[in-house]
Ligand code: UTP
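This document starts with one chain, in the form predicted on its own, laid out as structure tokens.
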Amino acid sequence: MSLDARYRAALDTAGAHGQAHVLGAWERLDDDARRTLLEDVERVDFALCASLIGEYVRERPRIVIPDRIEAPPVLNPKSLAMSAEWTRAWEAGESAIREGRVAAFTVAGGQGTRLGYDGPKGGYRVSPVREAPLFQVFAEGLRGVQRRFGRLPRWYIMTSPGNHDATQALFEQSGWYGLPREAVRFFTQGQMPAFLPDGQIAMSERHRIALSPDGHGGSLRALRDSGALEEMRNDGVEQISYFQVDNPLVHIIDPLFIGLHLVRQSEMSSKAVTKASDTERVGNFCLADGRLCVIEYSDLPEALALRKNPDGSRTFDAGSIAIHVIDRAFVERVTAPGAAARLPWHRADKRVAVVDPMEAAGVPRLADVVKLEMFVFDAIPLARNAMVMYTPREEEFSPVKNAEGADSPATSRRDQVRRAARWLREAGVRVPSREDGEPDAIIEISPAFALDAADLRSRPLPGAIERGSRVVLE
């Protein structure tokens, strides 16, 4: 289609929804800028935007706190150890992996800017000895799954328009981190425009719409729009192991978790950690009017966050860590056009630089805008038999979010070393300690070598770790 024909089609669509201004600078743009603008305009679902503006933009949606909020039942795998259900679950999870019914799914649209890294966050070097990047750690986890269970799961990676090409380049330059190229599938996250308070789509430049990612909840929609769901169905994939790119401790394919999801006939299962404090900045698993959900730390009433049980323990103690197993058929149902049950949108108010495309100069000015996004945990109340399971924080949650302090590269590397030392000690290896109790060695265990403590016990191991050494098992 010619540039002029694309322009007329875009103008008809935008104009029909009261957004013709997005093309207002057309006559003042050169052909390269026009192509860029049309690419932005063609990304926008104007009909969807029109349906959301009244509810979320011109009016501020009211946060509705459910009438009845209770602590949810949370499964503790330790209480199930070696029980009949544990055995059934392990066998079910192992069979699903061996038969190729499980795929890994990483949400990896972020940049490493906050970490001082210029590139996709998945390329950030995070391991304590080899300084392996996050993507390599996950790829080695998949290779470990193949070694242990005889099947390499397909890996779906959701990028963003801003880091898609750079992410693919990382994989190509690294030889796909030891994986066959056909085992990895990339697709991009959807975007939504920012809106001015009157509902007009905001422009960041005369030829650029102010677009931003549609939230991690948009990952489900992106699975559908990219064709990944159809591909999964054709390949026999029934369960999706979902995790985010910033957590190197995650068990990317967990047979027990997958098995419990299957034997309990859940459509969406989640892992939780015991909260570090009453008001830790993580979502809270709750029962809201009888349905499992996650309530953001900022939305949970303080009285509930501080509530204690008769024994003094925290009542709302299950923190969400964005690790899920999700049925493919469930994703198909909630993302189908016209689906009765859909993820809600959330409003975020920002102050950004915008331009008026109708002005000849196009001088930027700061303006209040509304951004809309979806959260993946909002799918939980829509799922049948939704389940949540505790996992030890020290075993599976140490994300890299901040340059310093909590959830930083330093704390994540520390936790990786601690876990490696614990696994080795459980396997009978002597690991030296410092006076403060920390391991007196820097130890790294590649997930390709061992997926967990039980897997490590089956591998060839040294009798002891030398004090002050740097050790890699790979």
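Computed from a prediction, not measured in an experiment: that's the story for all the values here. Residue indices: 1-based, along the sequence shown. Heads up, when I say rigid core I mean the largest set of C-alphas that superpose within 1.5 Å between the two forms.
What follows is about the form predicted together with uridine 5'-triphosphate (UTP), which we do not show.
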Considering only heavy atoms, tell me if Lys401 and uridine 5'-triphosphate (UTP) come within 4.5 Å of each other in the predicted bound form. yes
Met158 versus uridine 5'-triphosphate (UTP), in the predicted bound form: is there a non-hydrogen atom within 4.5 Å? yes
Mark Thr113 yes when one of its heavy atoms lies within 4.5 Å of a heavy atom of uridine 5'-triphosphate (UTP) in the predicted bound form, and no otherwise. yes
Look up in the predicted bound form whether His216 has a non-hydrogen atom within 4.5 angstroms of uridine 5'-triphosphate (UTP), and give yes or no. yes
From the list Ile201, Val245, Ala228, Val370, which entry has a heavy atom within 4.5 Å of uridine 5'-triphosphate (UTP) in the predicted bound form? Val245
To verify the annotation, which of these, Gln189, Ser241, Ser320, Thr167, has a non-hydrogen atom within 4.5 Å of uridine 5'-triphosphate (UTP) in the predicted bound form? Gln189
Partner-proximal stretch of 331-339, 377-385, 245-253, 126-134 relative to uridine 5'-triphosphate (UTP) in the predicted bound form, 4.5 angstroms, heavy atom: 245-253
For the stretch 428-463, I need every residue with any heavy atom inside 4.5 Å of uridine 5'-triphosphate (UTP) in the predicted bound form, listed N to C. none
Rigid core superposed, CA of Lys350 - does it shift 2 Å or more between this form and the one not shown? yes
Since the C-alpha distance between Gly215 and Gly110 changes by 3 Å or more in the predicted bound form, give its direction relative to the shown form: closer or farther. closer
Compare the CA separation of Glu131 and Gly112 in the predicted bound form with the one in the displayed structure, and answer closer or farther (the difference is at least 3 Å). farther
